[in-house]
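The chain that follows stands alone, in the form predicted on its own, written as structure tokens.
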Amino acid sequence: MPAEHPDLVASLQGRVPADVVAILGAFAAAGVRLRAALDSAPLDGMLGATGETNVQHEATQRLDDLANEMFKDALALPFVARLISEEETEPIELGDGAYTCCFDPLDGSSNIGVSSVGSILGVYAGVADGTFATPATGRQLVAAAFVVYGLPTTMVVATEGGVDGFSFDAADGSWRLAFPAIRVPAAKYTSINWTYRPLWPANVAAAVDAASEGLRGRYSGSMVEDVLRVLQMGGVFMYPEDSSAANGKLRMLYEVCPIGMIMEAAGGASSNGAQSVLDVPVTSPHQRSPLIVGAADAVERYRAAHEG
């Protein structure tokens, strides 16, 4: 763990093993480096697409590639067995470590230059087979984290012991504890892309309406930014299935489960419309799922209407 992040060390001590502290420290340090690259990207000619697509058939941005390399380098630690990245077709096998690190190096990269983007990490224990011959679940997460590169730049870290939020202090280059012991407030906002409504099955439309009743709309198009708002101000974030993506669009290992763990550890709830996302078997590295997270009562309203 870098010495310049003492608040992060202090918050994690006694909650997770030392190896997991080191993994989260490496993620935090890579986030600092990526923040600097994002700030200078317009001046360095790093904006725009590469002309390639990733395993998700999404256009790859120059900064996607840079972020992916940063996190691959940072997380290639002796006790990490494999890395699974949104930008890599197959898991990267490292050795005999106890942990699998799954990450989205630059979430919301279509917003680069105009809105907040982020990075997401899930640290799994016991995901011992990169071929997924034995299904994993989100219950194997020992820690999850995300960074929002915004104003301010914020990192949220969850373990079984709870959820803390850190703000980046540019004066000394460290993450400072700013939001200790985060608990999801009562629902205030609903966050969803309403333009997809024509694609929603009837039960999804009914569920979205039920979860959103009495709430005000806020949607940025950047999942990590919207999830951070839910954690700090209360609400529900929804990315359900639709007729163009019957299994949902978000990826289980490095988006859905880490965000689900964070929300549940903060006293909220997560669902795929039927059950907690942490209980859904994961049988492939890039498996997709719907995601509904936030205040427990709003998530329950969604589930009840979705199930009919």
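Keep in mind the model is a prediction, meaning the values are calculated, not measured. Heads up: residue numbers just count along the shown sequence, starting at 1.
What follows is about the form predicted in complex with a small molecule, which we do not show.
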Mind telling me which stretch in 278 to 286, 264 to 272, 249 to 257, 27 to 35 gets its heavy atoms within 4.5 Å of the small molecule in the predicted bound form? 249 to 257
Does any part of M223 reach within 4.5 Å of the small molecule in the predicted bound form? Heavy atoms only, please. yes
Tell me, yes or no, whether G234 is in contact with the small molecule in the predicted bound form, where a contact means a heavy atom of each within 4.5 Å. no
Mark Y189 yes when one of its heavy atoms lies within 4.5 Å of a heavy atom of the small molecule in the predicted bound form, and no otherwise. no
Might Y196 be said to contact the small molecule in the predicted bound form, defining contact as any heavy atom within 4.5 Å? yes
Though the small molecule is not shown, can you say which of G97, G108, P91, G165 has a heavy atom within 4.5 Å of it in the predicted bound form? G108
